[in-house]
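Given next, in structure tokens, is a single chain: the form predicted alone.
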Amino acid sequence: MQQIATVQAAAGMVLAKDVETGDNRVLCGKGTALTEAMIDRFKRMDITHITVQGHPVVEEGAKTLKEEVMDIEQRFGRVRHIKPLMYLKKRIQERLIAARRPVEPAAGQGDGE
């Protein structure tokens, strides 16, 4: 999942977290595919950031998935003989990869407001 500025949002992106108003009312639920109308509404309501599934926005200077996986390998390099830490490394890498995986919108979601 990735937190992005609302101005970076595009139709078809899928919300990874609920979008809430300032008084904590859910405006749009997790798993909803965004439409242009929804994005315009968020902007009008001064919602500056949203969290979407996958990693759809490439940030300048950001590491690639491969670079991040290699960083984890290096961090755990000195503890290769400790099985619980190797299990932890594997789980961290799996979660990182899953978070970057693009997600298709569920059927029936994102049909409008």
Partner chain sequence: MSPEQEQKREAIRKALREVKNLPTLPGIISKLTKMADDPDTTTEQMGRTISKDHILAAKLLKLVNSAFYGFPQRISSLSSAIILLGFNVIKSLIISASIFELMEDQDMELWEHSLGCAVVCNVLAKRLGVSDPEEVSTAGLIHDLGKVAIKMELPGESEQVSALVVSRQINRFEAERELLGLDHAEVGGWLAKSWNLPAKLVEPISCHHDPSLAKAEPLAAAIVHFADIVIRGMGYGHGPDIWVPALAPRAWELLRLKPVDIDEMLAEVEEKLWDVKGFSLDIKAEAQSATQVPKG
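Numbering follows the first chain given and starts at 1. Quick caveat, the model's predicted, so the values are computed rather than measured.
Keep in mind that the form predicted together with its partner chain is not shown, yet the notes after this line are about it.
Interface residue remark: residue 84 is counted as part of the site for its partner chain in the model of the complex, having a heavy atom within 4.5 Å. At the 4.5 Å threshold, heavy atoms of residue 2 reach its partner chain in the model of the complex. The closest non-hydrogen atom of residue 88 lies within 4.5 Å of its partner chain in the model of the complex. Residue contact with its partner chain in the model of the complex: residue 64 places no heavy atom within 4.5 Å of it. The partner is absent here; in the model of the complex, the one residue of 79, 27, 57, 45 having a heavy atom within 4.5 Å of its partner chain is 79. Proximity of 74, 92 and 95 to its partner chain in the model of the complex is complete: all three residues have a non-hydrogen atom within 4.5 angstroms.
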